[in-house]
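As structure tokens, one chain now follows by itself in the form predicted on its own.
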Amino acid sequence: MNGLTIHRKIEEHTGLLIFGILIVSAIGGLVQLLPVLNQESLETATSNTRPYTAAQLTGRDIYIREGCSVCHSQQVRPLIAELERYGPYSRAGEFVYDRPFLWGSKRTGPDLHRLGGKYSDDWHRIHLLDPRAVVAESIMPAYPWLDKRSAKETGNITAKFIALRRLGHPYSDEDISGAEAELEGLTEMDALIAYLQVLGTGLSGEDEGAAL
């Protein structure tokens, strides 16, 4: 049986064709995935990356709940246009404590990965209460209810810390026992702002130089 006959036989039998496609796809996937399984740099936090505090983690949960990741990505790509607009491109080590990742691909609004420290807490508060008060052309909705809800209502922060520690996040017993107290007196808006202010701050000059 020559090659042409084999090729025709595969084309004439749907089952064989599907099987062949799956085999080729599996090989292609393994070629891409296997080399990175033991790549330590993908699992090692950058020098300034830390596990989220109780306020930051709660803010992240609120960010997810309110659908912010639908319009905002959190991944600066290594393209000149993005570097000029947003800053240094994102490194894998900056996301080791993110579960789930919020990289995203939709940018109705700008990428937020280098947002931390760019604006004051007051700016963020005004922006969340009335986006057009600080960005006239903004189409972002307002989130006034966040300023009326307690951050402690978002979920059991102690249980979240315990679960994350089981997954490898380095939370100490003191971190876990003090998590509830850290949220005392904070609103959901306070927590969300705390999260926004830490975005992209895990990268140091040393990390940037090492990636060049």
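All residue numbers are counted from 1 along the displayed sequence. Predicted, not measured: the structure shown is a model, and the values here were computed from it.
Although not depicted, the form predicted in complex with a small molecule is the subject of the following passage.
With a 4.5 Å cutoff on heavy atoms, residue 128 counts as touching the small molecule in the predicted bound form. Although the partner is absent here, residue 83 lies well away from the small molecule in the predicted bound form, with no heavy atom inside 4.5 Å. Taking the partner from the other structure, the small molecule in the predicted bound form has a heavy atom within 4.5 Å of a heavy atom of residue 67. In the predicted bound form, the small molecule lies farther than 4.5 Å from every heavy atom of residue 105.
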